[in-house]
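Coming up is one lone chain in C-alpha cells, specifically the form predicted on its own.
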Amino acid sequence: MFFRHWNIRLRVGAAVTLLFLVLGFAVSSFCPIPDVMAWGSFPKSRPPGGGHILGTTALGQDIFWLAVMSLRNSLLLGLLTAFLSTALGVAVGLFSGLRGGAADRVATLFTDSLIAVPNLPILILLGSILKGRIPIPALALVLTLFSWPWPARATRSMTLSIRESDFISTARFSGEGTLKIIAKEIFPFVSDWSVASFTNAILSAIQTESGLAIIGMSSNTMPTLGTMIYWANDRSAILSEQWFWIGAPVVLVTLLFIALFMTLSGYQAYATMRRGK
C-alpha cells in the first residue's frame, strides 16, 4: 500500500538506485580478485568472454569487477559525504535558527565564510600535495567541510520562518527544552527537505570526486568511477577501441545520476502530494 502512492519517477529512480546499491555493496562482496587495481592479473586487452564478462583492460584488469568495486567506492564516498554534511548542516541550521542571538550570528558568519571559499582549488591543491593518494574517508571529510554550509543555511531560513509560530511559543511556555522543540516541533517540517538535500549531496560528492580523479588529483590507487575513467583515458582506451573499459564507468555514472535525480524529483512530488492530503 505504501509503494502504491509513489509516482512513476520515484518508483523507477528508487528501483535503479537500489539496483546500483545491490551491485555495489552486495555483488562486490563476491569479488574473487584480491586487488582489482593490480596490473597484469589477467591477459591484457581481451574482449568479453572467457570468464571476463566485459573483457580486460590494457593493464590486465578485469573490467567487470573493476567497475563493480569502483561503483562501491564511489557510492561509499557519496553516502558518507551526504550523511555527514546533511546531518551537520541540518543540526547547525536548526539550532542557530531557533536560538537566534549571538549563536545565530556566529553560525551564520561561519557558514557564509565557508560558502565564499572556492573549494575546487583547495581540493586540487590537496590532491597535488598528497600526490593523488588521498584515501576515500579523508576525501569524504574534506568534501563535507565544504558541503555542510549549504544545508545549514537553508535549514536556518526554514527554522526562522517557523520559530515565531504559535505552536513553538506554546511548546516554550510548556517548559520544553531547545532539543525537544527541535526534534518534535521543527524537524518534521524540514525532514522532507533533508532527504532531498541528502540525495543532492550524493550527486555532488560523486561528481566532484570523478572530476578530480579524471585530472589525476584523487586517489589513483583506489578504484572509483572517476579513477577508472582516468586510467582508461591515460591508456588511450578510445583510440584502441576498448569501449567496455571507457564505457562502463561512463554509463554507470550517467545512469546513477539519472536514477538519483528521478528519485529526488519523484520524492519531492510525492512529499508535496502527501502534505496536501
Partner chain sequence: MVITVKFFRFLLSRLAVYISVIVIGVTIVFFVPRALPSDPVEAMLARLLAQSDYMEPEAVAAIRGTLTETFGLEGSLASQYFGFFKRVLLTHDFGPSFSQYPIPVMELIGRALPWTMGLMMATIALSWVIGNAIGLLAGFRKEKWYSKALESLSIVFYPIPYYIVALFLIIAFAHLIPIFPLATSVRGRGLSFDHIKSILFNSFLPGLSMVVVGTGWWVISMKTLAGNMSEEDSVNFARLKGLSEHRIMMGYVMPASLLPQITSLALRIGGLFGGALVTEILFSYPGLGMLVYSGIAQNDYNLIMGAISISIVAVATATFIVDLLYPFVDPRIRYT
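Quick caveat, the model's predicted, so the values are computed rather than measured. Numbering follows the first chain given and starts at 1.
Quick note: we don't show the form predicted together with the partner chain, though the next part is all about it.
Look at 65-73, 45-53, 32-40, 238-246: in the predicted bound form, residues with non-hydrogen atoms within 4.5 angstroms of the partner chain sit in 238-246. Annotated contacts: 12, 140 and 152 are all free of the partner chain in the predicted bound form [non-hydrogen atom within 4.5 angstroms]. Checking 174, 161, 128, 191 for any heavy atom within 4.5 Å of the partner chain in the predicted bound form turns up a single hit: 128. Checking 122, 88, 195, 183 for any heavy atom within 4.5 Å of the partner chain in the predicted bound form turns up a single hit: 122. Taking non-hydrogen atoms only, residue 25 never approaches the partner chain to within 4.5 angstroms in the predicted bound form. For the chain shown alone, residue 101 is not a contact residue for the partner chain in the predicted bound form, no non-hydrogen atom being within 4.5 angstroms.
At the 4.5 Å threshold, heavy atoms of residue 219 stay clear of the partner chain in the predicted bound form, well away from it. For residue 250, a non-hydrogen atom is located within 4.5 Å of the partner chain in the predicted bound form, even though that partner is not displayed.
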